[in-house]
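A single chain, nothing else alongside it, follows as structure tokens in the form predicted on its own.
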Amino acid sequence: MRKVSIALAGAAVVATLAGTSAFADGHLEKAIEARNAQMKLYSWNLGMLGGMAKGTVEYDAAKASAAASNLAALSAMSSQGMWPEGSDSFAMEGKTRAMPEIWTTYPAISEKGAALKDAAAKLAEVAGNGLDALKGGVGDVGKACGDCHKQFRMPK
């Protein structure tokens, strides 16, 4: 439960940064920082769950449930303020890998976000119910992440 609280507090900080920075100088950089922080929290939690699913991290129902709940909370929070137009990899070279297509193909990006939110919510329901349940749910979350990254993130 403590991990969920820490993740939610982090998400609240990220959301606050995004919301208050939209009107200040440097708002594009702050928006990029906020969304990068959100992505790092996704990565941290999904990395733990993926490790359990692959067998490189011992399955622990409580930890799996907490990490999956964190993912569900992160995917449910509004991130609109973190994605101002002009904060793409061409306009902000070296600061982000977000492709400008994010802003020209709407609502595709919104549909990708909804897919992640749905997959994370389903994972949160089953992650603590055993390794087999976790494996099924992690794959759907990973697919949702990958679908968005393939279409809207510049390769390294």
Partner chain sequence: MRGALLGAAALGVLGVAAAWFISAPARIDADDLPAQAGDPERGAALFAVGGCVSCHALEGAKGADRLVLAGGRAFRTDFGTFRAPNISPDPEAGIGRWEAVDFVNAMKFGTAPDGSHFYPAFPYTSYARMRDEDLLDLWAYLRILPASGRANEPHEIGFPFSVRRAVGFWKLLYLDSGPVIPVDAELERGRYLVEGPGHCGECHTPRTAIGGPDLARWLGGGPNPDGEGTIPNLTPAGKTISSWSEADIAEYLKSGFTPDFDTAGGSMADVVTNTALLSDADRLAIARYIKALPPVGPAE
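Numbering follows the first chain given and starts at 1. Because the structure is predicted, anything quoted here is derived from the model rather than measured.
If you look for the form predicted in complex with the partner chain, you will not find it shown, but the lines that follow are about it.
Residue contact with the partner chain in the predicted bound form: Y106 places no heavy atom within 4.5 Å of it. Residue contact check for V138: one or more of its heavy atoms lie within 4.5 Å of the partner chain in the predicted bound form. Mapping the unseen interface onto this chain, S43 counts among the residues with a heavy atom inside 4.5 Å of the partner chain in the predicted bound form. Shown alone here, G47 lies within 4.5 Å of the partner chain in the predicted bound form, counting heavy atoms only. Screening 126-134, 26-34, 51-59, 113-121 for residues having heavy atoms within 4.5 Å of the partner chain in the predicted bound form returns a single hit, 51-59. Annotation for 140-156: interface residues with the partner chain in the predicted bound form are G142, C145, G146, H149, K150, R153, M154, P155, K156 [heavy atom within 4.5 Å].
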